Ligand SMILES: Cc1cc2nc3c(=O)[nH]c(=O)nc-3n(C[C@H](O)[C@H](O)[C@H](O)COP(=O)(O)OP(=O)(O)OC[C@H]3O[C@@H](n4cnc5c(N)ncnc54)[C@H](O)[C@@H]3O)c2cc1C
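The chain below stands alone and is given as structure tokens, in the form predicted alone.
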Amino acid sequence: MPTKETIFDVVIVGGGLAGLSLSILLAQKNYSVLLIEKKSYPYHKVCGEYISNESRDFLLRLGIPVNSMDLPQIQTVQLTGVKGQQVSENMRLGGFGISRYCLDQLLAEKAIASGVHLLQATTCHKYSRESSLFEIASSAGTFRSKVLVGSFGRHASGNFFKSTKESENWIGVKYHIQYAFPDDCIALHTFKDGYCGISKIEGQQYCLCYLVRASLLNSYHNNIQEMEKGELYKNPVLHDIFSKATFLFEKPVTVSNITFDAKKPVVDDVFYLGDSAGAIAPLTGNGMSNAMRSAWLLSKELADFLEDKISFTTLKHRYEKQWNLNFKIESEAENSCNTSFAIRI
């Protein structure tokens, strides 16, 4: 068990796709890494659970055997309008389906096997920096590191950076279901103030996940089932899914206070990954690949810093530049046209 006297190369707060991927990449290069995760694996998380094939080789390099897992291979995409109008198209690269329950567990196991110190069911309270070291206070003790990374998703804890801009909130809702739907298709079904995706994951399960404006749910007194009947059912395709599917959860997995404000990849010398650095806009898809890509970008710059090839200041500048080159311009374009059908594959 690490102690306060232990000085890690990197401490990562948050063990989602970005945090787990970064921890493995660094551990594979023999850097000392502490990963702090507030929950215990495996657990369900609101997510579309589709990964573009652009990330297949990356997962294989991490040691996740996606090619031998009999995962559904998705090659077509379908979009329906509020009244059920349909359009479909073949995807250039395609992708595959896998649940976060499964993938995060596999990544956590790989992280531990790679030498990452993984603390589960642990809350990070706050951090401080003195001289060249960070001090991180958590429910499992206090730890020190040369670099601190925030990878906790949309909701920051302690004194990590939080956007102060007020914007409209969204609500995410996810089910796992059994339903007669093509294994090789991902569909996005629109409704008033939201859209719902469905695609196959491992086994005979499908991920049914939707995003809705909080204001619409509030108009139904935050009653999810009543809102689904009153709004989602107006799309005949969604009405058929909700009427005929077998729902495998006792209740849906939900996440609230989702915003799409612009964030920053580096704040007060702390590095941010994935949704912690900036969530992608609605109807763009591929958030899982974006999270893993941010981990890969930061891992390259961290390696140069930890090998004393660059200064901490240069590290910050290089990561900010890479983040902006890979995400910022595209994100702004998507936000200006968030009705476009722009699944980035």
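Note that residue numbering begins at 1 and tracks the sequence as displayed. The structure displayed is predicted, hence computed values, not measured ones.
Here the subject shifts to the form predicted together with the ligand, a form of this protein not shown in this document.
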item: Triplet K39, K45 and N286 all within 4.5 Å of the ligand in the model of the complex via a heavy atom; value: yes
item: Contact residue in the model of the complex, from F191, Y127, Y210, Y206 (heavy atom within 4.5 Å of the ligand); value: Y210
item: Contact assignment for the ligand in the model of the complex, among S114, T80, S99, T122, heavy atom within 4.5 Å; value: T122
item: Exercise: A18 in contact with the ligand in the model of the complex, heavy atom 4.5 Å; value: yes
item: In the model of the complex, L71 touching the ligand (heavy atom, 4.5 Å); value: no
item: Any non-hydrogen atom of P252 within 4.5 angstroms of the ligand in the model of the complex; value: no
item: Proximity of Y50 to the ligand in the model of the complex, heavy atoms at 4.5 Å; value: yes
item: Region of this chain that lies against the ligand in the model of the complex, out of 239 to 247, 71 to 79, 106 to 114, 148 to 156 [heavy atom, 4.5 Å]; value: 148 to 156
